[in-house]
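In structure tokens, the next block holds one chain alone, the form predicted on its own.
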């Protein structure tokens, strides 16, 4: 593990990157105890504060865990897709909220990823997945449902479709699309959308899933994508017009 003391990059970031690379390439295997803080200080020729900051960064990424006591220290974590799920949501939410990704790009990615899992979902769906989607669509059709509750139900509906694919890797990748991108899309478009149209599309998607018709699911998702983008365009145009007054 090496760092460049002459680099303009913060030492703690370099140390964290060096340790992360050692974890990824297997030099530091899962459950392996990392060298002590003092040993890391000597290895990298840095101060203890730089090492501690590096370890904090690695801990925040769930790459290491710390244990107290005589046999304690920092250990390489056994990372799972389930454990990384929340981090994926947080990162995607930050990228979108900070305008690092445009609405159209996020929308395109979300529905492309969801369509990609539709074929597996059509093959592997269970009665429970279909029932969950129908229940959420029914909830969305109820008069008096708040915007917040509608948005939460919208996320639950699409999460059930993703879960039907029964693939941990796809579920992880779609966490950023469904639990992060979708709520932010809802925040932008809720004032302009037709709930009736969305509920109708959701009911048709649930029926297509029940029929194991992957092509129909993708067709309906494409329609939902086009509708979502058109809503956003109208909302943004209205905002621009108000700013121009």
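Residue numbers count along the first chain shown, from 1. Whichever C-alpha set is largest while still superposing within 1.5 Å between the two forms counts as the rigid core. Just so you know, these numbers come straight off a predicted model, no measurement behind them.
What comes next is about the form predicted in complex with the DNA, which does not appear here.
Contact with the DNA in the model of the complex, judged by any heavy atom within 4.5 Å, is made by just one of 216, 33, 195, 43: 33. Within 4.5 Å of the DNA in the model of the complex, a heavy atom is found for every one of 47, 66 and 72. Partner contacts here mean any heavy atom within 4.5 Å of the DNA in the model of the complex, and among 195-203, 48-56, 180-188, 22-30 they occur only in 48-56. Among residues of the shown chain, residue 228 is not one whose heavy atoms approach the DNA to within 4.5 Å in the model of the complex. Shown alone here, residue 11 lies within 4.5 Å of the DNA in the model of the complex, counting heavy atoms only. In the model of the complex, the DNA sits beyond 4.5 Å of every heavy atom of residue 210. Once both forms are overlaid on the rigid core, the distance between the two CA positions of residue 160 between the shown form and the other one is under 2 angstroms. Once the rigid core is overlaid between the shown form and the other one, residue 74 counts among the residues whose Cα shifts by 2 Å or more.
Once both forms are fitted on their core, a CA shift of 2 Å or more is seen for residue 12 between the shown form and the other one.
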